[in-house]
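In structure tokens, one chain follows: the form predicted alone.
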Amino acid sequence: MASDHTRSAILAAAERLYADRGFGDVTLRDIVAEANVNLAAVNYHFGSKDELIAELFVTRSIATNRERLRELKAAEEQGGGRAPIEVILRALVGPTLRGCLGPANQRSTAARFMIRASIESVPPIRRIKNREIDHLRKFAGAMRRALPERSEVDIYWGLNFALAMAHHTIRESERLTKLSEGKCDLDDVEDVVARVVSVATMALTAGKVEAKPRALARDAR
């Protein structure tokens, strides 16, 4: 039990410090001081700073991905195995946006840690993102069932753009608030979700656009 308590104390201290100061500015010595443990305890439980960051990120990501898949499954069951594209996209981006935006979440350590993880692409987090893609394959499959007329390439680009919009909105929320002089209300999280879903849906359901600008450039010469 004492070992479990030490491990939990290290994780909690690391998450607070990373959320407040970023990954590059926090050392293992900062973490052991915050957690009131010794350096050997960190090495015993995690081995390295990278492994500690990875553990925190995986823990938070699992919760988000579980909620994504729960919403996707419910949507497909309700649609008899085929959900509308906008409902699929809402399941994809909604949990991420709800987890990081809004007055309550922005003040929570977990939300600030995930926002920091979105802003600072450190190697352990990049490795996990590149490895943990099975849940995204399930979304791509659902999107193909919803839009059978779209090519597989269009589906993957659409999924990528939807995720990119969600993460950019989280990263740049303060700038958007200043730019719009408060007219864009980032605290209205359901409105933010609806806007991201609307744009992503339009991109996938609009007429096909040729993505070969080089040929046009040669013709112009």
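Remember, it's a predicted structure, so these values are computed and weren't measured experimentally. For clarity, a rigid core is taken as the largest C-alpha set superposing within 1.5 Å between two forms. Throughout, we count residues from 1 along the sequence that is shown.
In what follows, reference is made to the form predicted together with a further copy of the same chain, a form of this protein that is not presented.
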{"query": "Proximity of residue 71 to a further copy of the same chain in the model of the complex, heavy atoms at 4.5 Å", "finding": "no"}
{"query": "Residue 126 within 4.5 Å of a further copy of the same chain in the model of the complex, heavy atoms", "finding": "yes"}
{"query": "Any non-hydrogen atom of residue 203 within 4.5 angstroms of a further copy of the same chain in the model of the complex", "finding": "yes"}
{"query": "In the model of the complex, residue 159 touching a further copy of the same chain (heavy atom, 4.5 Å)", "finding": "yes"}
{"query": "Three-residue site 164, 178 and 184 fully in contact with a further copy of the same chain in the model of the complex at 4.5 Å by heavy atom", "finding": "yes"}
{"query": "Candidate stretches 74 to 82, 87 to 95, 107 to 115, 128 to 136 - the one whose heavy atoms come within 4.5 Å of a further copy of the same chain in the model of the complex", "finding": "128 to 136"}
{"query": "Listed residue that, although a further copy of the same chain is not shown, lies within 4.5 Å of it in the model of the complex (heavy atoms), from 51, 34, 67, 154", "finding": "154"}
{"query": "Members of 187 to 205 lying within 4.5 angstroms of a further copy of the same chain, judged by heavy atom, in the model of the complex", "finding": "192, 195, 196, 199, 202, 203"}
{"query": "Rigid core superposition, residue 130 Cα moves 2 angstroms or more between the shown form and the other one", "finding": "no"}
{"query": "Core fit, then residue 152 C-alpha moves 2 Å or more between the shown form and the other one", "finding": "yes"}
